[in-house]
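Shown below, as structure tokens, is a lone chain in the form predicted alone; questions about how it binds or moves come after it.
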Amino acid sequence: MRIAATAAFALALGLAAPAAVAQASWEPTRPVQFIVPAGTGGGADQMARVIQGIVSKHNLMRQPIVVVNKAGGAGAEAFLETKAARGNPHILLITLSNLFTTPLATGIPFRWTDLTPVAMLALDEFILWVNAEAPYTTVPAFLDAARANRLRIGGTGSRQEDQIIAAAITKATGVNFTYIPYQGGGAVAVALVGKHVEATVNNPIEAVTHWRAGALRPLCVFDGRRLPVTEKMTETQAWSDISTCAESGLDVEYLMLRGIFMAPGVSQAQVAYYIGLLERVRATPEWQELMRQGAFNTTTLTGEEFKAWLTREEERHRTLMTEAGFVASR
């Protein structure tokens, strides 16, 4: 079952013509609040803080970026606050696919159309992780163990991306799990290291340090292709060595948004400024390292293409969550 969806550094840091026009017409006049609709340590939080550091290190903006985590209500707090900040160009929101799942699961008065889309920065992968000391080293062995003795899968939030994948595994295999929600991807990874759960479906960036330390073991990636990074991340394995779940007999795929939004009612010049800023962020070696370490799908979109993608993804998530029984009753 499928549930999916350079220029040289020195030149890129220079002001290309469109960015120059945008900056000439508008730029931030006070610190920019960068809201993360999730807890600390997760993929969105890590990406926001990398962007903050890049902007500061390379002096890409005169005003500082301040990262603020607002995980309340599976991100609802962050979405509603950004929606209410109409016309305020000094607020950015970095979001994941809870942009779609949280409104559907909770019924809050919010849709992505209430915000101003800026850019898709990347798509994030999901991997089925187990503790390195677990007896199962393959997906079939893991599923056999789960059939014999119901296992616990840890994930970020309830009725969010992680639980959607857990439900999809059950639908594809008939194997039931006990889903344990945590506030962020960092906490999920720590729970697996501590053996409080038997498996997780964390993003690569959320678990890579524990993998490199020998504490976690990846079983498969929920994508239609293997990850492209061939450099060794551990002594013996690269991201590209991890089989797809379909290769292992588990036909489930899922990719997640990493995107930037602004409040409603901002001007095109203000949106253009941040698009230019993010283009220069993506050209830095620090960003390229994040993409490598986290095995991201580096697809980027802006403008009408991004809006069209968001429209399709919202409908796809509505279908997935309806099938899983995760949509709030009205």
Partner chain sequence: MDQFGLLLGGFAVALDPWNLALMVIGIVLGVVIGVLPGLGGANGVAILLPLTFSLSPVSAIILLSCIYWGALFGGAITSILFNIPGEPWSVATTFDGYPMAQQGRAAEALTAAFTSSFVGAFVAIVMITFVAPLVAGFALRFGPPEFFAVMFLAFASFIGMGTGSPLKTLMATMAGFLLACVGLDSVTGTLRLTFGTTELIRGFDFLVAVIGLFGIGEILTSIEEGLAFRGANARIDLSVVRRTWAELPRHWALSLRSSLIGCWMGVTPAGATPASFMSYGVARRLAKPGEVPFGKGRIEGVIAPETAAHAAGTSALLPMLALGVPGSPTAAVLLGGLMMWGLQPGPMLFVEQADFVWGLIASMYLGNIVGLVLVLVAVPWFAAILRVPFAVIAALILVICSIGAYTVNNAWFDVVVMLCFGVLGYAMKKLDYPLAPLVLALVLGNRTEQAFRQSMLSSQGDLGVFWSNWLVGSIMTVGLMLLFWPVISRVRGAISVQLARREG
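Between two forms, the rigid core is defined as the largest C-alpha subset superposing within 1.5 Å. Residue numbers count along the first chain shown, from 1. What you are looking at is a predicted structure, and each value in this text was computed from that prediction instead of being measured.
This next part talks about the form predicted together with its partner chain, which is not shown.
Proximity of residue 303 to its partner chain in the model of the complex, heavy atoms at 4.5 Å: Because no heavy atom of residue 303 falls inside 4.5 Å of its partner chain in the model of the complex, the answer is no.
How about residue 264 - does it come within 4.5 Å of its partner chain in the model of the complex, if we only consider non-hydrogen atoms? It does not: once its partner chain is placed as it appears in the model of the complex, residue 264 has no heavy atom within 4.5 Å of it.
Is residue 73 close enough to touch its partner chain in the model of the complex, meaning at least one heavy atom pair within 4.5 Å? Taking the distances in the model of the complex, the answer for residue 73 is yes, it comes within 4.5 Å of its partner chain.
Is there a heavy atom of residue 260 no more than 4.5 Å from a heavy atom of its partner chain in the model of the complex? Contact check for residue 260: no, nothing within 4.5 Å of its partner chain in the model of the complex.
Assess the spot marked by 50, 182 and 205: is its partner chain within 4.5 Å of a heavy atom from every one of these residues in the model of the complex? Answer is yes for this spot.
Interface residue in the model of the complex among 111, 196, 171, 147, criterion: non-hydrogen atom within 4.5 angstroms of its partner chain: Going through each option in turn, the one that passes is 196.
Though its partner chain is not shown, can you say which of 237, 106, 243, 138 has a heavy atom within 4.5 Å of it in the model of the complex? By the 4.5 Å heavy-atom cutoff, the listed residue in contact is 106.
At 4.5 Å between heavy atoms, only one of the stretches 222-230, 112-120, 150-158, 245-253 reaches its partner chain in the model of the complex; which one is it? In short, 150-158.
Once the core is aligned, please say if the CA of residue 202 is shifted by at least 2 angstroms between this form and the one not shown. Where the cores coincide, residue 202 still shows a C-alpha shift between this form and the one not shown that is 2 Å or more.
On a rigid core superposition, would residue 90 pass a 2 Å threshold for CA movement between this form and the one not shown? For residue 90, whose C-alpha is compared between this form and the one not shown after core superposition, the shift is less than 2 Å.
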